[in-house]
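Structure 1 and structure 2 below are two forms of the same protein chain, each written out on its own as structure tokens.
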Structure 1
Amino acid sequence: MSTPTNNKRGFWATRMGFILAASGSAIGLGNVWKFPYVTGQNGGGAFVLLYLVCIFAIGLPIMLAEFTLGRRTNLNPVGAFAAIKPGSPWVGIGFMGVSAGFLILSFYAVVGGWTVAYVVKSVTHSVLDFSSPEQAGQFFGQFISHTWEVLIYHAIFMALCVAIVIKGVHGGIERACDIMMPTLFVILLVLMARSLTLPGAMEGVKFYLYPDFSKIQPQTVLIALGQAFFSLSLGMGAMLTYGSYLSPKENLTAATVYVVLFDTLIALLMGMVIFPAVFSMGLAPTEGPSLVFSVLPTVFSSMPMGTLVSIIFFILLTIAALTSAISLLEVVVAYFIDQRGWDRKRAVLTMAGVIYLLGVPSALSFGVLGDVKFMGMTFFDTVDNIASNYLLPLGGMLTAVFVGWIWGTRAAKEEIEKHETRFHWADQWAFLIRFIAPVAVAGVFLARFF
């Protein structure tokens, strides 16, 4: 099969631009919001160790597979599978990826709107007047139940995504990530330095970095694998789509390792921000999903320079949400450009509008639509459940099977080595992508039913 070209789509201008953009896709609320509370709920240091094993044994091989498929075809997820196995049921994996990107962004943008709102509320001091996490949690609950406020912030966040993606791969996504990713890293370092200098912070460091294997249960292993998988944005077509804009001369293995390392570093640094601060204030690390919006405002209000720290933190959260959201929108946009022949402006504006409208019931799931349930779940939770717990793991597992057994690791290796020196760990990668990754992801998927 000859490598197709699609000059309408554009390419990354620089290797670093691609690495920062792909890292931005991976680094999202999963790293900044979810990783700390999941770590806190699952024993700290021992969970972190399991997470790292899963990242490098499962996540990295699948990411390399997605990048390789994307560069080989220069197409979106649907087009990529159709180019290699035209007319086969395997094209359905691509549709799953585009559907997952569409659905995830519809509720992800709602949470992104919350982060924008908390930047504004930090500036106006309204999230710093709490003496307990309960008060902060009550304030958060009132905010997300306020119809027009959440819809406005939801719209602001989607508008930011549109403003970036409509400018294209180089002029929009790459340029934005060139600014946002270093900014995110610097903010994290500033917050970590502040957190580590709080009295009693070392107790948090000990909880976070010293493994206590007595806290490891079989379910903990599955949670670690699930967190590693989802934190890398795998199975939703984002990495495949970003890989499709790569130059044929790019070193795929090096780029994959850099993205995984950067993503993992950000997650680990986030833990070094959260746990020292939480322990310093005498709060529990097991607070769960409310950690960011309920517990941390209490921490900020109790520390010197709390207002500034709060503003900086929620700007960090917004950047993390935005870099992932633009990759999700790009997956959908690339499909309509490649497969339907739309121009970028039409694809971005139309799909962003549809995604926003689909997100409205999710935004209202904590207010006027709170009593509307589907199998006991709100609209927000239903969409999250379908995309995150079904489409993503199935997409990741089937991608591994496709590359490992259908397209074949030999063909993938040829693409990887096309403009590189020898792929030195090809045999190890082939073993992981053919046997370990599909079985492990299938285990995470099936475990949700038991």
Structure 2
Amino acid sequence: MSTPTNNKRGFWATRMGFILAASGSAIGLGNVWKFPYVTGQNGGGAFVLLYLVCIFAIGLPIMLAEFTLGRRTNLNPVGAFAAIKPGSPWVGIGFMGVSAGFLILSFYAVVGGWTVAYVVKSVTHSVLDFSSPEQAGQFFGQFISHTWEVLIYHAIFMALCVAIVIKGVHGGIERACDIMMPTLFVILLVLMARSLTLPGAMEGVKFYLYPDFSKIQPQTVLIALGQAFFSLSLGMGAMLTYGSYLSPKENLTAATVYVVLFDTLIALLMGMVIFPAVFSMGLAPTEGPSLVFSVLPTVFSSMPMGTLVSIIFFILLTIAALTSAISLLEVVVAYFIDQRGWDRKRAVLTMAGVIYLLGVPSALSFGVLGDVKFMGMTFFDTVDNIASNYLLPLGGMLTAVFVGWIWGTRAAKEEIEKHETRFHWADQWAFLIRFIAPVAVAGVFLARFF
């Protein structure tokens, strides 16, 4: 198969542009909001260790596989699998990916809306001056149960996504990712310093870093794996789609390593911001989705220039969430553009509208729909659970099987070496993709039945 030269789709302008865009996709609410609360709910240090194993042994090789598939085919996930194995059921992975994009963005945009709201509320000073996390948590709980307010911020966040994605890959997406990361990194360092100097902070550090393996259950491993996939934006073709806008000049292995390291660094740093503060304030680390929103405003309230720090933090978090959300929307949009022949504008507006509507019950899960439960979970948690803990690992596993056994690691290696003179780790990578990733994911799935 020759590489299609479909220039209408657009390409990244620079090498750094691609790395930043892929990091922008990876780094988001998954690192700043989700990682701390799932770590808190799943026992701390031991979970962090499991998470790191999942990131490096399973996530990293799969990310490289996705980039390679994307660059090879220059297509969206559905098109990519179909191009390599025409007429085979493998295209199903692509459809699963596009559906997962729908589902994830539907609830992601809700949380994105919360961050926008907290920018506004920091400016108006209403999320500051909390003397205790209980007070901050109560304020947050009231806010997210407020139907109209939540739906309006949810819509604002979605509209921001639309505005970026409509401009296409390098006008919109690439430029949006360029400044955010270094700034986010610096502010997290400042917050970590504040957190670590709170009284009793070391208890939190201990919880976070000292592994207590008695807290690990089969379910914990699945959650660690799901979180690894979620944080790295894997298993649904988002990285594949970003790879499809690459020119063959790119060094894929280096890009993969950068993106994985950046993403992991931000997640780990965020844990060091949150847990010392949680323990210092005598809060339970198991609080769940509201953890970050009740802890951080309390930290800001106790800081010099807290208002300013709070405004900057929530602006950056909104940008981080946006650069992730656009990668989810882009998968869905690329499918309708490539496979259905829609133009970009129509694809973006229609799909963003549909995804917004799907997100409404998630947005109301903390308020009027709070009592509507599916197997004990709210609508929000149900969608998150289906997408993050089932579709992503399954999609990632099938991608690994596809690249490892169907397309073949030799063909993939050839694609990787198109620019790089030599892919030194090709054998190790092939082993991880062919054996470790599929077996580990399958094992984790099956383990829950015992």
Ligand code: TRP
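All figures in this text were calculated on a predicted structure; none of them were measured in a lab. Definition used throughout: the rigid core is the maximal C-alpha set that superposes within 1.5 Å between two forms. Residue 1 is the first residue of structure 1, and the numbers go on in sequence order from there.
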property	result
Which of the two shown is the form predicted in complex with the ligand	2
F380 C-alpha relocation of at least 2 Å between structure 1 and structure 2, rigid core basis	no
Exceeds or equals 2 Å, Cα of L196 between structure 1 and structure 2, core fit	yes
Rigid core superposed: G271 CA moves 2 Å or more between structure 1 and structure 2	yes
Rigid-core-fitted C-alpha displacement of K215 between structure 1 and structure 2 (angstrom)	8.5
Cα displacement of F229 between structure 1 and structure 2, core-superposed (Å)	3.0
